[in-house]
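Read the single chain below, which is given as structure tokens and is the form predicted on its own.
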């Protein structure tokens, strides 16, 4: 019975936090790679980003090349502070279920069925989850000014200051 209730609670939490990691609403939307005006490199270290601040013009589509040079798994996620706070529950669940294991990801567990068609795939268009040494990119169109941040929501990382500001003018 407890296992069923835990699974149900996990599915509800995942449903509630999916919107936090969803593609639209984070000051923009996934961008068309053919419309990219510039490429910006972002490096993740253990609990900080380089650069610490990003600036974009409203309507600009950019390619963000993100590299993890830290010793731990890190996330690059575009959102508001409230979206990050909500998404942190999902990230905690990934740790609790053994998906995030310090310096690596258990990709098999990322496929785990959490009920209701949800998994721990972490495949949101506004987010990258990278192991040490990995790099990836996302293309994002910043539609409008918003109170945006980029952040790592791996448990404890945001609280340790692993976030940066995004200015959209």
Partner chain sequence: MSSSALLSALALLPALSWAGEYRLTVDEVTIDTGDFRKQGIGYNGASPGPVLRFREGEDVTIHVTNNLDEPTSVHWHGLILPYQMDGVPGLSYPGIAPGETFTYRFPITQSGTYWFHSHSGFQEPDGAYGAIIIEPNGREPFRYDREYVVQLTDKHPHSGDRIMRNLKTSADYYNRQQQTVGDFWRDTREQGLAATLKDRLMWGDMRMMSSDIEDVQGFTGLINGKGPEQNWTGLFKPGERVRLRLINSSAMTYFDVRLPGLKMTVVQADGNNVQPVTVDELRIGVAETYDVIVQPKEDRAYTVFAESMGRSGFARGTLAPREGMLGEIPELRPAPLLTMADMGMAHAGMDHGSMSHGDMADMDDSGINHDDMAGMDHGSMSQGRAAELPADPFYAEGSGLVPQAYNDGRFLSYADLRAQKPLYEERKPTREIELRLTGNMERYTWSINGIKESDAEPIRLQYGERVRFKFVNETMMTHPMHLHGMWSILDVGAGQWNPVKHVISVAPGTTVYMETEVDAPGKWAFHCHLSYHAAAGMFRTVIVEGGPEGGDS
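Small disclaimer: the values here were computed from a predicted structure and weren't measured. Positions refer to the first chain, counted from 1.
Just so you know, the form predicted in complex with the partner chain exists too; it's not on screen, but the next bit is about it.
Student: Is residue 46 one of the residues lying within 4.5 Å of the partner chain in the predicted bound form, judged by heavy atom distances?
Tutor: Taking the distances in the predicted bound form, the answer for residue 46 is yes, it comes within 4.5 Å of the partner chain.
Student: In the predicted bound form, does residue 160 have a heavy atom within 4.5 Å of the partner chain?
Tutor: Residue 160 belongs to the contact set for the partner chain.
Student: So in the predicted bound form, does residue 131 come within 4.5 Å of the partner chain, heavy atom to heavy atom?
Tutor: The answer is no: residue 131 has no heavy atom within 4.5 Å of the partner chain.
Student: Is residue 92 part of the interface with the partner chain in the predicted bound form - any heavy atom within 4.5 Å?
Tutor: Result yes; residue 92 sits at the interface with the partner chain in the predicted bound form.
Student: Name the stretch, out of 66-74, 34-42, 137-145, 122-130, where some heavy atom lies within 4.5 Å of the partner chain in the predicted bound form.
Tutor: It is 66-74 that comes within 4.5 Å of the partner.
Student: Does any residue in 138-157 get within 4.5 Å of the partner chain in the predicted bound form, counting heavy atoms only, and if so which ones?
Tutor: Heavy-atom contacts within 4.5 Å come from 155, 156, 157.
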